[in-house]
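Take a look at this one chain, the form predicted alone, written out in structure tokens.
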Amino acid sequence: MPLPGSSTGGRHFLQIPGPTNVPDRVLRAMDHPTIDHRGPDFAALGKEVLEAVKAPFGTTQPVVIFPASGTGAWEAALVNTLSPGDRVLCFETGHFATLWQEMAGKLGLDVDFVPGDWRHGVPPEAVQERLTADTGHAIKAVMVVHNETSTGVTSRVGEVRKAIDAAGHPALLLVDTISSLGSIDYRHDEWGVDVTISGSQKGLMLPPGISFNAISEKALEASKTAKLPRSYWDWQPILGANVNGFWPYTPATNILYGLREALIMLEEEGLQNVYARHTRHAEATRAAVRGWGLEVLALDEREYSGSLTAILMPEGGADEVRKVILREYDMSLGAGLGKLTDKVFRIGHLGHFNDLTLAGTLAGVQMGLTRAGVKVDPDGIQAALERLQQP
């Protein structure tokens, strides 16, 4: 039975790793009359947003915005750069890397899917080894999920780029940043990424509904000869219309108002400060997990995620813990996905988030674990608070 009055009153704690909480400022910005998406006011909005959105990607190159989920941006990255039968190199880092490579296969690509344990990111040495062995350059693209939302593991994209360069290989580098953009340091230009994929509903603090492709000059050149069928996802009509602040079809107008406000918020805080805040909250969360006597799923400290933490329940029961926490404390946590179903629960600590929100989140998790019958050390929350009291 629920504790008396345990889940009544107050605000729901949405601590899944996305969609994340939408700031009031962004909600108010979206509460705007719909305007003519062919008119001058919209053109001004379009130009402003298309320029400002480059900053979190770390690029000066074009960023295409689709009215779609991140899955649509996955497809756009593939169909604009590749041809039927092209070989792509992918790594099994988790649920979303698995889904993306499945999409590649359905689109008619030849997928080389390297098995993984879901506790590590993409191994740069394996990238170099496979590309060095590909003397005929059959591999046309390397697909990497920067931050695997299902595991809380962040792949080292900069090192993957160095591995590609060390192999002297011309493959494109396609990177999913859906749960890292605006939360974890990312450098599209500096790391030589060809297409960066992202979505609105996580670090950018927006509702679901728009997604992104940041595009290098090399990727734009590849799109001129790519033969996979594309119409809605075709970059060229969008880029052509974007020059004047428009889209070739109806855009997600009100979400673009929200995006403008979210980008202003990120600029006000400063992106480096945003990344440092996420790192600090992740460290406090891991301190709590270890203080409880539980295990963080990610095994390599170089690959700890700044945006979410997956907690391993070796004997299962993660879903029951989530159920109890939702019922008793009105807080949603992320479920285990794919191979991790019922084996992990995930704490999202990204987006519009501060120290007190994290403290409340971790207190709710600790109470829920105890209520669910999981033996934990009650000093876990104290370990997190001690980390939060440090700079």
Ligand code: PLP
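None of these values were measured; they are calculated from a predicted model. Residue numbers here begin at 1 and follow the sequence given.
Quick note: we don't show the form predicted together with the named molecule, though the next part is all about it.
Asks: The named molecule isn't shown here, but in the model of the complex which of Phe96, Trp233, Phe113, Trp191 has a heavy atom within 4.5 Å of it?
Replies: Comparing distances to the named molecule in the model of the complex, the residue within 4.5 Å is Phe96.
Asks: Report the residue, out of Thr253, Asn242, Thr279, Gln201, that has at least one non-hydrogen atom within 4.5 angstroms of the named molecule in the model of the complex.
Replies: The residue in contact is Gln201.
Asks: Report yes if any heavy atom of Leu174 sits within 4.5 Å of a heavy atom of the named molecule in the model of the complex; otherwise report no.
Replies: Leu174: no, not in contact with the named molecule in the model of the complex.
Asks: Any chance Ser83 has a heavy atom within 4.5 Å of the named molecule in the model of the complex?
Replies: Answer no; every heavy atom of Ser83 is more than 4.5 Å from the named molecule in the model of the complex.
Asks: So in the model of the complex, does Ile178 come within 4.5 Å of the named molecule, heavy atom to heavy atom?
Replies: So Ile178 counts as contacting the named molecule.
Asks: Give a yes or no for Thr71: in the model of the complex, does one of its heavy atoms lie within 4.5 Å of a heavy atom belonging to the named molecule?
Replies: Judged by the heavy-atom cut-off of 4.5 Å, Thr71 is in contact with the named molecule in the model of the complex.
Asks: If contact means a heavy atom within 4.5 Å, which one of 160 to 168, 201 to 209, 286 to 294, 224 to 232 is the stretch that engages the named molecule in the model of the complex?
Replies: Stretch 201 to 209 is the one.
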